[in-house]
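Only one chain comes next, encoded as structure tokens, the form predicted alone.
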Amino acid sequence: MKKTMRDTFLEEIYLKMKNNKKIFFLSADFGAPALDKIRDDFPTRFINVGIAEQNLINVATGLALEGFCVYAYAIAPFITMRCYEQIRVNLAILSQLRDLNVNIIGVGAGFSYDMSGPTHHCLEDLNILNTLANIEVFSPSDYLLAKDYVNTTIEDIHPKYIRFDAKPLQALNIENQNFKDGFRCIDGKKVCIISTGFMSQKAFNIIEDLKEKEEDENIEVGLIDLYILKNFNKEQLIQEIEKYDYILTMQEGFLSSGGLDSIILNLINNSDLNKKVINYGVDNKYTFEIGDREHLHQLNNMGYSDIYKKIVTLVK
């Protein structure tokens, strides 16, 4: 079954709002089927500020200063980049002095809006939000992780950025030992993929295909699905990385700019691990050619066949 992260998350928020009158939901003129119930049943705790993302953050901050748990909801590139200064000053800086529970929900991470062109592609959010102190970045790979994170948004009193894929995606069959660790794993040998968001979906499918198509070679590739990009369990992640010779990072974001690849390279370097790391992501350019998601990946040397062939080469 495929479901969107957004609708699953909003359905869970709706249930929480029935018993928790401290929850406010704000939107920048951006809807969803699951959002209609929140607007209809909790009209005094739902605010549509219009196409005004900067003001969205201002209003959210004011409510949070009064002790409310606030969700600020908009399209990912606009809620991260149009109001970056407001996020930095009102949330990142102020939250170091005051308790602020603002949960920024950005829908359309990476190439989610594949046909909409570079204005709606969101390739910078991982980098720029991870740069800010005091803000947690949550990048789930399926709707089950999105649902599981709802309690964290209420209980952990600090700003968070929640990046959702816009498309319905399958639930990944990956056991999660401890949600707070910030990642979940599939064990493998020699080669491990570390990915986040939609790219964990792609990595999972590649690993399954390798098992089936390269059965004679006995290829067992590991996967680390990293969904919390700042406050993850570093010691535990280092132990997982130590098992492998080769690490492949996969992200729908710009390379060498502070995103997933930079996080993993810094972790490996600071831990004195001797690993060969290969990074897949978007080079320093925008993609104007129109096509589906896989076509955009192929244009950026991160297509399915590119990664599949590289893993086979490494294993052999």
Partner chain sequence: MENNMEKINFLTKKANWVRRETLKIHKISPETRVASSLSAVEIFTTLYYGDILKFNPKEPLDDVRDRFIISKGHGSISMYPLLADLGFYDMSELNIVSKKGSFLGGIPDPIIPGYETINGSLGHGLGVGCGIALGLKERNSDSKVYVIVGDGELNEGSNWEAIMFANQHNINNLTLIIDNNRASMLDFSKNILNLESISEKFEAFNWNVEEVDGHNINELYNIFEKNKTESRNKPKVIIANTIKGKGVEFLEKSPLSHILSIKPEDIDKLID
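Quick caveat: nothing in here was measured; it's all calculated off a predicted structure. Positions refer to the first chain, counted from 1.
We do not show the form predicted together with the partner chain, though everything after this point is about it.
The partner is not drawn, yet in the predicted bound form one stretch among 58 to 66, 255 to 263, 31 to 39, 272 to 280 has residues with heavy atoms inside 4.5 Å of the partner chain: 58 to 66.
The shortest heavy atom separation between Phe24 and the partner chain in the predicted bound form is within 4.5 Å. Of the heavy atoms in Gln86, some are within 4.5 Å of the partner chain in the predicted bound form. Residue contact check for Gln54: one or more of its heavy atoms lie within 4.5 Å of the partner chain in the predicted bound form. Interface residue remark: Ala133 is not counted as part of the site for the partner chain in the predicted bound form, having no heavy atom within 4.5 Å.
Contact annotation: of the candidates Ile157, Leu144, Met81, Leu94, the single residue with a non-hydrogen atom within 4.5 angstroms of the partner chain in the predicted bound form is Leu94. Arg98 is the sole member of Arg98, Lys180, Lys213, Lys243 with a non-hydrogen atom within 4.5 Å of the partner chain in the predicted bound form.
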